[in-house]
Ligand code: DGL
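Taking the form predicted alone, here's one chain by itself in structure tokens.
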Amino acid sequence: MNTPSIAQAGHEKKRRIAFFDSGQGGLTVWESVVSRHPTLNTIYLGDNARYPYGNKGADTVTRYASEAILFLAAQRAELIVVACGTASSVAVERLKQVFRLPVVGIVEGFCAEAAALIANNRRIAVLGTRFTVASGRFEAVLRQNGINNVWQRACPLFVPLVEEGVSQGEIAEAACRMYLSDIPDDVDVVMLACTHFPRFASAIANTLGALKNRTVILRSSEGDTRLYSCASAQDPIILLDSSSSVVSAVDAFLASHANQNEFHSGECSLYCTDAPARFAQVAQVFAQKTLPEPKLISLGSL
């Protein structure tokens, strides 16, 4: 497997693509991109000192994200991927106005992809953090894409369970039943609007499959994976993660540069804002690729 290695001092001028999240969950997005582009130069920053963002106000999240982008820009990042559902929901539009660097969130492309899968006025479900759901951003963008039937549910327990390595089994499925027992029958697409949630996909699929007597498929940048099978003649429920839309955005960005080789030497740097050892331990829950040791940095207001 061609795995990125930590950046060396002699390569500081390499052009890079940066990924930012409040913690380690955005590594699911990073890994999808690196799987498509194994030699891509990348930076990942997890602002775990101020994690979670889901219980902060919009102005605070925007300030935190701005500080992260200033740091990443100083590391020669030329595209910023905000791999955080909360920050994407409330900060990306403002960040695009403030910074000259291109900024990609997970909302617009993700919603367009989900909308393209729906027919006959069926319903989309959005699962996210409390803040993401309360912001209404996903619902608003889905409506811009012609989707008027949207069911949303905050699933805050999924995040700590995933970080403790509890993503399948009795406890995980009990949490799913608590949040999803009243999901409408006409839901055809379930958007995993938090980067932690793809790691909870099996438990979500088992719960939805049993509740609705339908096959459940996870659709990601790597294709379709059948997670729950049944003999029902109904169309399958699709669990959709944000990786495909982000990979497409990175593909388009690279295609716009005549000399793409400047972005490719397989270098990766990993940064966090607190407790590097713990950060590294949780990071491996989200990334199957070998990661470099995280470097501790301080952002503006810390």
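As the structure is a prediction and not an experimental result, all values here were calculated from the model. The first residue of the shown sequence is 1; numbering continues from there.
Quick note: we don't show the form predicted together with the named molecule, though the next part is all about it.
- The partner is absent here; in the predicted bound form, the one residue of P52, G266, P276, P236 having a heavy atom within 4.5 Å of the named molecule is P52.
- Put simply, C84 is close to the named molecule in the predicted bound form: some heavy atom of it is within 4.5 Å.
- Proximity of C194 to the named molecule in the predicted bound form falls within the 4.5 Å heavy atom cutoff.
- The closest heavy atom approach of I118 to the named molecule in the predicted bound form falls outside 4.5 Å.
- Taking the partner from the other structure, the named molecule in the predicted bound form has no heavy atom within 4.5 Å of any heavy atom of L227.
- The stretch that touches the named molecule in the predicted bound form, counting heavy atoms within 4.5 Å, is 52-60, out of 66-74, 52-60, 249-257, 268-276.
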